[in-house]
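What follows is one chain in structure tokens, specifically the form predicted on its own.
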Amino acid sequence: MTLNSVVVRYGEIGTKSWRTRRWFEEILMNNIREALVSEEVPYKKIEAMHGRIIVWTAMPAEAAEVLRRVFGVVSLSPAMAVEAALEKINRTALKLFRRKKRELGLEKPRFRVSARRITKEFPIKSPDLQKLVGEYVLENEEAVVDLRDYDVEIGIEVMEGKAYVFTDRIRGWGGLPIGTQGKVVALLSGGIDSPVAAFLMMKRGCEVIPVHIYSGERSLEKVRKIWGVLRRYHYGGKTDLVVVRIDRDTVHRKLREMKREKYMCLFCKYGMIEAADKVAKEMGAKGIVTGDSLGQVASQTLDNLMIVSRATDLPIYRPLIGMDKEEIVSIAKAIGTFELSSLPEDPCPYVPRHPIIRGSPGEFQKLRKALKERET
């Protein structure tokens, strides 16, 4: 028996008003189309119905692997869609159960049936359908019913005259479809944190414009690879990596001359925010995303974050601000950026021996003014 569809489920979208929900559904379906086309997975039709999106395809396993990375998708199931008649549901459920049993290599698997009658034209209620299908499987296969500790779950969702029968429920990342919340600029380095920050903003429905502050060819190549991984989640977003160069040599030399080298990291971060601000305003973005985690390094104390935030009048979003390193690393590993972020990169030649931990806004502004006067 060949599976012929994928049942896609969303969560948060379903809490919206009717008009907003329909708009979100349309964007989600467009992102699903983009994902399938970009990964060269053919499909026949995509349709929304009753809180589900059905993807009709002859390659449901391959489609599911792609669609689990589309934000807005909470879970999905490669399924066999048949006419909503008990006899056909029974036969389909048994065949899929046997297939799963062979995959698991179990002689007498524990199983349960989970049925949901989404539309009411089907005459059998959900609990009764579960019981009838379970009895049919037991009559024809060596198996044990266990509603809690089961090896196989036979899922059945009935709507609009069809029953979608499946044995796999694959988790997606959830969130909101990219394109529903506008654009943001994300400062993207080769480290562990900034890719995770960009990912989390994508998950909340933002199209991300990645901006890398150039620090060497090895680091740039590393960031290109990281963005290559993130793009596999960025369906609905179009932007390529933006590379910006800022003059850190001059700033570093002048701070050393003034014996204020300890402020270098603050000036570097301030310059990055200024560069991101310029890109954001050119491209119509609504904010800047950084990978700051409070207290992780010298430039990420409350005092120093307050100083660098003044480099822009746009909002600065810091999705990692309350996370510790272990939490951030866990996400990086899950999304596939951790190994790339761990590769060597060009060392920063500007890091002072004793960076300022709690910078003074007043002194920082005096130093900025002094640097500008030295330029003239």
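Quick caveat, the model's predicted, so the values are computed rather than measured. Numbering starts at 1 and runs along the sequence shown.
Just so it is clear, the following notes concern the form predicted in complex with a small molecule, a form of the same protein that is not shown.
Student: Among 260, 101, 162, 212, which has any heavy atom within 4.5 Å of the small molecule in the predicted complex?
Tutor: Residue within 4.5 Å of the partner: 212.
Student: Though the small molecule is not shown, can you say which of 137, 251, 272, 200 has a heavy atom within 4.5 Å of it in the predicted complex?
Tutor: If I apply the 4.5 Å criterion carefully, the residue I get is 272.
Student: Using a 4.5 Å heavy atom cut-off, which of 175 to 183, 113 to 121, 73 to 81, 297 to 305 contacts the small molecule in the predicted complex?
Tutor: After filtering at 4.5 Å, what remains is 297 to 305.
Student: Any chance residue 206 has a heavy atom within 4.5 Å of the small molecule in the predicted complex?
Tutor: Residue-level check for residue 206: no, no contact with the small molecule.
Student: With a 4.5 Å heavy atom cut-off, would you call residue 230 a contact of the small molecule in the predicted complex?
Tutor: No, residue 230 is distant from the partner.
Student: Heavy atoms within 4.5 Å of the small molecule in the predicted complex: does residue 194 have any?
Tutor: Residue-level check for residue 194: yes, a contact with the small molecule.
Student: Find out whether any non-hydrogen atom of residue 189 is located within 4.5 angstroms of the small molecule in the predicted complex, and reply yes or no.
Tutor: Result yes; residue 189 sits at the interface with the small molecule in the predicted complex.
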